[in-house]
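Coming up is one lone chain in structure tokens, specifically the form predicted on its own.
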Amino acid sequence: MFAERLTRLGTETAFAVSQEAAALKAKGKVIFPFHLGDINIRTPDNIIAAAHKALLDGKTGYCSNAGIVELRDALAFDINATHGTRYSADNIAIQPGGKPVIGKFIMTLMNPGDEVLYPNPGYPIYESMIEFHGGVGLPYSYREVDGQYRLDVESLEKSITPRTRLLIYNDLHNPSGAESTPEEMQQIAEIVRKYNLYVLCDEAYFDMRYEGKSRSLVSLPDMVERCVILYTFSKRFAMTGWRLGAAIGPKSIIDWIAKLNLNDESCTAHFIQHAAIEGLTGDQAGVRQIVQTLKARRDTAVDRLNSIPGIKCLKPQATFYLFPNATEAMAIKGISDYEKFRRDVLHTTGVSFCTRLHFGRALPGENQRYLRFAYSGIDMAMIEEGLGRFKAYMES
């Protein structure tokens, strides 16, 4: 009855955790929501006002399938300033969120049977879209090195075959917060050149950083012709529910992605695009406040997690995720199964989080246990109380 390809369609399992937590909350249990990377911070007022004005001005009909030129110009200017590139409006196709860029990149550049390198653990929609469209996923992983998570470049290169065509590269990584060093990024660029790959640079968290400066693969020689940037307004401007993003890359690829837009959704909501122009070009006080709020939450959550017996939490400089090692904690409780541990903590304390297995199938040889905490959707007082309950659970 149903198309065979549906058997290959995955999901974002963090939403299943969210539903379980919501069901408990509906029964009266206090829930501490560390599970989903949503943002409970208000979109800056000047962006909201710009959307309202656009609605009143009649920006409620169809517009260009590639996005309105005023937004594409503003976004090109913004990206060029931080990436050292020379993009124009012709290099940008506006999307109803960042997520559609994943599927459209794959549909544009991957044939059935082609291989695609993707991070595991990583955002689960990568694997879902690769397999749904008939590709073969080649997972690569990360490891702890000198107090940081590092991409395993050596194993990534060893997995490449003559069928490998694409690389999905999520620097400033969900779920671990991992960030490539300049040397590591240079290694990635060399592999891309050597094996003639095209790259999806998922830069959803490029502007979500608290120290240091973000870098992009497209800034390195020969990379701008081989990379498509996944850009999203969701994180930087606290616009997750507005659904607005962009694909940025070579015109020859972007033209096809814009044609897919025409087939899939016609266009992205007109008035929301005008609001995004204000976000890019208007007062940045609200944007700075978002980062300051998240930084304070990060610092508190890292400190509290590291005070819990059996938990070791590194401190990433970007994203709004923490990926603590809970190997010892699970051993203390005598629990080896991720789901049993997660549910025991949830039902006992109300603390809701994801585990490593919500971000891809376990790889051969894995012997460490990791949890993922998102602090973007939970206020400071709830962070302190929830992690205090988690600590008491571990000490009981």
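Computed from a predicted model, the values in this text were never measured in an experiment. Counting begins at 1, following the sequence as shown.
As for the form predicted in complex with a small molecule, it is not shown, yet the points below apply to it.
Using a 4.5 angstroms heavy atom cutoff to the small molecule in the predicted complex, all of Gly98, Tyr205 and Lys235 count as contacting. In terms of contact with the small molecule in the predicted complex, the residue from Asn170, Asn91, Asn120, Asn261 that brings a heavy atom within 4.5 Å is Asn170. Of the candidates Lys295, His270, Arg243, Lys315, Arg243 is the one whose heavy atoms come within 4.5 Å of the small molecule in the predicted complex; the others do not. Here the chain stands by itself, but in the predicted complex one stretch of 227-235, 150-158, 83-91, 303-311, 227-235, has heavy atoms within 4.5 Å of the small molecule.
Using a 4.5 angstroms threshold between heavy atoms, Tyr321 counts as touching the small molecule in the predicted complex. At the 4.5 Å threshold, heavy atoms of Ser216 stay clear of the small molecule in the predicted complex, well away from it. Contact annotation for Tyr142: none of its heavy atoms lies within 4.5 Å of the small molecule in the predicted complex. Under a 4.5 angstroms non-hydrogen atom cutoff, the small molecule in the predicted complex lacks Tyr198 among its neighbouring residues.
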